[in-house]
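Just the one chain here, the form predicted alone, laid out as structure tokens.
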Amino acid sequence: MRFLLDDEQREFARSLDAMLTASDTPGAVRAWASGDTAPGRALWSRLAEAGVFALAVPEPYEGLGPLPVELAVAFTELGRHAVPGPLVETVAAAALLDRLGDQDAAAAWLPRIAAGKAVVSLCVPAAGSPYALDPDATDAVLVVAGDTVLLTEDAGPVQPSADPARRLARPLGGTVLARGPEVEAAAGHAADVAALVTAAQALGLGRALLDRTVAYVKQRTQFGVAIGSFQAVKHRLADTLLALEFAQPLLHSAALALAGPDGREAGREIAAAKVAAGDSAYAAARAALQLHGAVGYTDELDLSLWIRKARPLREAWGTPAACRARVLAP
């Protein structure tokens, strides 16, 4: 199957790219890492005005969705520009609230999420991590514990992370938001949504790293010529491009599967897309670091903000090993 975005989806991607290009996202990332969330929250509001969060919220709750393909398109651009914050977790929390069947909880949170007025993190330990992302910068954290969903506003100390803009902490305590047999299925769906949009972020991140590296090797010279003319460099960049190009149709196919009725098959496709996108982004980061040389190691260079996200995105919401096991499971 050959998947192509339609004109409206491509225009949506272009509009997000233009908006984020003009928004000084490197400054917002550095501020977020230092604990200053104001620039990031301002950017969050602009994304909400563009309809990004409404894509995860059903129409009865003032949203536009759920629209998995459009979410994948949007999060590819968010990854391309390294936008900070619990973006993935907020749309996954919307998916969880939609599937719980608790109309009061959905009515209380989903319209606010769609409008960008609520920043929500989500912690599903069964999905692989006991930590919530950016709990100190959110309005609430949803924690799935067995057949119970807890709503908490407290968290432990922030843990060190390979990406300083990913502020991880253990949620503490909380009040019961929902309880029942439907929680497990709703949490599984939310984890799938999180894995899909994390894969999209990784794909966008990898493309940004490749673009920056290609531009750099055309400028950097050795022996009087641009290093981009060396065959070894061309082969390295070609391999990186092929990996990213291979991941893109897997991502779009997974988004289409998530919109369909077969949840088990969608899970396999999402896992395959997560592996491909995460590995290709990590390869792009390694290539960028090597081909930029010593300057690639400096925190002052904006490139470092992208490089340091590659490995955490590869591991978040499904490690490569866990995703491969899911793909190969009988």
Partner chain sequence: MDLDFTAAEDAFRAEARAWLTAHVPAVPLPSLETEEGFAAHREWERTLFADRWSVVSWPEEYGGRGASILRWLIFEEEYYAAGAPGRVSQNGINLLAPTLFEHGTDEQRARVLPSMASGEVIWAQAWSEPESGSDLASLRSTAVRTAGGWLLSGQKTWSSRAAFADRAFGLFRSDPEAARPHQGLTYLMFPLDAPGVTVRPIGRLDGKPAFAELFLDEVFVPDEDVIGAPGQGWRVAMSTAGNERGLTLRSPGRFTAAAERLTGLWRDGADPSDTALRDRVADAVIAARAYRLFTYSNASRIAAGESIGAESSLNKVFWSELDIALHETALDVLGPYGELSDEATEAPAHGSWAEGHTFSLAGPIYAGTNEIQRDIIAERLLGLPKGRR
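Residue numbers count along the first chain shown, from 1. Predicted model, so just to flag it, every value in this text is computed and none were measured.
What comes next is about the form predicted in complex with its partner chain, which does not appear here.
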Query raised in the report: Taking 4.5 angstroms as the cut-off for heavy atoms, does Q9 touch its partner chain in the predicted bound form?
Result: yes
Query - Touches its partner chain in the predicted bound form: P249 (any heavy atom, 4.5 Å) - result: yes
Query raised in the report: A18 near its partner chain in the predicted bound form, any heavy atom under 4.5 Å?
Result: no
Report task. May I ask you to check whether G228 falls inside a 4.5 Å heavy atom distance of its partner chain in the predicted bound form? Result -> yes
Query - Partner-facing stretch of 79 to 87, 128 to 136, 190 to 198, 216 to 224, counted where any non-hydrogen atom is within 4.5 angstroms of its partner chain in the predicted bound form - result: 216 to 224
Query - A22, V158 and L301 each touching its partner chain in the predicted bound form (heavy atom, 4.5 Å) - result: no
**Report entry** Listed residue (E49, E265, E62, D36) with a non-hydrogen atom within 4.5 angstroms of its partner chain in the predicted bound form
**Finding:** E265
Query raised in the report: Though the partner is not shown here, which residues of 307 to 328 have a heavy atom within 4.5 Å of its partner chain in the predicted bound form?
Result: A321, R324, A325, V327, L328
